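In the form predicted on its own, a lone chain appears below as structure tokens.
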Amino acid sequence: MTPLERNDRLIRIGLLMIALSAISILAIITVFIFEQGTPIMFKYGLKSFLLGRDWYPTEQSFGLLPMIVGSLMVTAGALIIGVPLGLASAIFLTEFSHRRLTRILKPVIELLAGIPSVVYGFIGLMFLVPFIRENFGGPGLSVLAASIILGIMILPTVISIAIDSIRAVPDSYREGSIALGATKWQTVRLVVLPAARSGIVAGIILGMGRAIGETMAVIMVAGNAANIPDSILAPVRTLTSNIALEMAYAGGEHREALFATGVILFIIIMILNTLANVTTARQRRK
């Protein structure tokens, strides 16, 4: 074996060890969460955890339904706000704007992903919450406030992946459509977007995973009431907020119940990531 071949082999082994270490860390985290969280779920029953409405750890009542509903409402609101805005931005930057403008705006949009979530939460607490309270009623700390903040936070993910998916559509599709007499907007709506659909859906799913897993910004603007919200102006507590707010002082079954909350959240995130991978693979095959 020559020195060059020996070096290549050492590099391959080193890269393999790094990859295996990342997988091992994920496996350890998964095993730890499930080991800590599943016993209490079996003890009290999965039904009581998923469908119970009362969260009173001191009375051994661990109903997660308000937090599950709250997470889904906030995430749905974020998608309603973020997806149309993100998709419209991606279409403009790829199909209608000047390339020089795109080179300026795209890095600025991607910079939003690097802003700490606590900054988004602080801005929401100082400006958005008072605005909602004064103009729409309620305490201001609400589903609506959390949805708006998360809708802004998922924009970089949705826009970046949508731009890449739209750019991946061959120019021959556009040229053929225009040659047949279609307008620029008809070409985008009827040809480009359907061809990029799988990639756009993957970006939306990843944005959904970002929204449902966000903690700090949601804690600051959502109100954190462990009740099923009856409107978008009502306070809400999400699964991630529930863990972050109570883990510091929890003990015994209370602590185990918070790990069970993590198990449920982990399963939801894994489902979303699996859907994203499937849609991305479908886009590659096309």
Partner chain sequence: MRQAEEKPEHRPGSGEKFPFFPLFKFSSGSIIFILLVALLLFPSCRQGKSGHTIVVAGSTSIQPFADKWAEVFMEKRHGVVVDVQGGGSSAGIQAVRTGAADIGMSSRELRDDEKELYEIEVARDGLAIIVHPGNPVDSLTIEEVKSIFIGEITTWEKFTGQKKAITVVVREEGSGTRGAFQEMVMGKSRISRKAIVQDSNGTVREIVSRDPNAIGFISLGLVNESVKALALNGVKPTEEAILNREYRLVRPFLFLTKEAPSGLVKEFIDFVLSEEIQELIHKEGLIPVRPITRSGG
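Numbering follows the first chain given and starts at 1. What you see is a predicted model, and the numbers here were worked out from it, not measured in a lab. Between two forms, the rigid core is the largest collection of C-alphas that superpose within 1.5 Å.
The same protein also has a form predicted together with the partner chain, omitted here; what follows describes it.
Stretch-level contact analysis of 131 to 139, 69 to 77, 168 to 176, 197 to 205 against the partner chain in the predicted complex, using heavy atoms and a 4.5 Å limit, identifies 131 to 139. Looking at W55, you'd find a heavy atom of it within 4.5 angstroms of the partner chain in the predicted complex. Not displayed here, the partner chain is approached by M126 to within 4.5 Å at the level of heavy atoms in the predicted complex.
None of the heavy atoms of E253 is located within 4.5 Å of the partner chain in the predicted complex. The closest non-hydrogen atom of L51 lies beyond 4.5 Å of the partner chain in the predicted complex. A heavy atom within 4.5 Å of the partner chain in the predicted complex is found for exactly one of I219, L65, I232, I40: I219. Residues are counted as partner-facing when one of their heavy atoms sits within 4.5 Å of the partner chain in the predicted complex; in 221 to 237 these are G223, N224, A225, A226, N227, D230, P235, R237, in sequence order. Relative to the superposed core, I267 shifts its CA atom by less than 2 Å between the shown form and the other one.
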